[in-house]
Every structure is written in C-alpha cells, then in structure tokens.
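Listed next as structure tokens is one chain, alone, in the form predicted alone.
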Amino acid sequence: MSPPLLEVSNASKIYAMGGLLSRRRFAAVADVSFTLEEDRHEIFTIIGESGSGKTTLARMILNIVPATEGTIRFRGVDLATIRKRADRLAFMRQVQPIFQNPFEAFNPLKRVDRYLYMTALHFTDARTADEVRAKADRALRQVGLSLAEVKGRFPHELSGGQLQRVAVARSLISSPALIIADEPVSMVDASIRMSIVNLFKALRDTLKVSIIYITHDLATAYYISDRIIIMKKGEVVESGNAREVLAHPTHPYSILLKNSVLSPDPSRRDELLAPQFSSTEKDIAALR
C-alpha cells in the first residue's frame, strides 16, 4: 500500500517567550493529527480565528517552520529529513502555497507573467521560451484567464480577483499533488469570492488535486469543504465531515463560532450558514 499523501502526527510548534528569568513556553500548535489519503482528492479545511494556530500549521506543512514535536510526512517522507536543495525543490513542486493577500505575493515593480515563467523554468521540464509560455498559458486558462490578458502587466494593473487567480495559476504550473490556500478569499471583494471558491472546487474535481483550505469564515467552509478541523489556541477542538460538524457542532467553541454567524430566526439558518453560494455546472464551467 502506498503511504498517505499527508500525515500529520501529534505535531506541535512551541516557542520560548520571555527573558532568562521569566522564560515560558507557548504552543502555537499543540498535538495536531490528521491524514490526507493519496487517492481521495479532497478539500480539507482548517478553521479558526486569528491566533488559533492555523497559519502556523500551514507553514509547518509547507516545511517553512519545523515542528518542535511530532512528525509531518508527505508521501511517507518526514519533512524534517528534507535538507538538500534538490530535495526541497522536489517537495516544492508537489506542495504549493496560495497566500492571503495577492498584492503582497507579487513585487509591484515586477510584471506578473515573469513569476509564471520562472515557476515553469524551476518546477517543470520546460526549457525553451515557447515551452515556458505554453506552461504559463495552460495554467492561466485553468483559472479562467489567458497569457494574453496578463502578459506585460504589473500587479496594480489587475484587479484583486484577477491577481488571486494568477496566484492560483502559478501554483498549478508544477502540477502539484497538494495546494495549501491560506485565507485565499479574505482580501478580495465579496462579489467575486464565490468565483474563487468555485474555482477551488473545480480544480479538485478536474485536476484531482488535494487542497488544504484555511479560513475563519464558516460560510465558505460549509460550502467548499469535504472534511474540517476547528482550532482554538493551537489545539484541534473538533473534526470530521464538514457538513455534519458545522450543522451539529458539539464543542462549546464550535457552537459559539456557528452561533456568531446565525440569525435567531431558525428559518434563515441554512441561508446564513451557506450564503450566496451556488455550485451550478454553469458557474464551474465558466471558470475552466
């Protein structure tokens, strides 16, 4: 049997705080465990408020921050053993990030197509200029754009939604097995959040890529997720099937989160938990 795509086992990240005489340990992530299977191709969501540890956990999975305790394995390889540059590049080809603010992810003085070209050169077998451009254009078309639309343009010349799509396209160039999207719709207008969220669902279904979706927004989590974990102060307080957990939470913190987005009127409960989102074939087809 092949190993899981991702296996997080009792992973913790502990920081030391204070001076020599008042030193104390702070657990940003505490004893977190979950597994993503190789052939499941799911959207696994990490929910939590600011300070819950969800972004630190994402950085641990990306091998940016090492785990203090426990292990994180990608396709059976312990991330702590990845030290050589060639091994790190091989890992990065398979695990790609999408960050919260697209305007911070791109240098304002650099044309956005250059990012796509460099990614194709480093993470694919493309070597000629035509091959590099073809890789970039193919990735852009997978998110509803084209190279002709973004070529030669600077980040400020694109809308927030367009720039986030370019960020998604950049992550797709290497044909990753896992994408880690940290609050990818929190910085875009509410009017285009649905299209970005639907895009992730379409990518999961058409490209068979697993996605770790990190958010504080229960509405998008309810709509997009297959499974979820809910974090509070570094710990997982509830986990399971997304619809079941969000519809019938059992932990007091999960209940509090749910009640914070619900109306006292029971007749509007489903409407508010999954607002203004639709998964029609027309919506998804328009994004391909």
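Predicted model, so just to flag it, every value in this text is computed and none were measured. From 1 onward, residues are counted along the sequence shown.
What comes next is about the form predicted in complex with a small molecule, which is not displayed.
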| query | finding |
| --- | --- |
| Which of 238-246, 52-60, 36-44, 221-229 lines the interface with the small molecule in the predicted bound form (heavy atom within 4.5 Å) | 52-60 |
| Residue 28 within 4.5 Å of the small molecule in the predicted bound form, heavy atoms | yes |
| Residue 137, heavy atom within 4.5 angstroms of the small molecule in the predicted bound form | no |
| Residue 216, heavy atom within 4.5 angstroms of the small molecule in the predicted bound form | yes |
| 4.5 Å heavy atom contact, residue 113 and the small molecule in the predicted bound form | no |
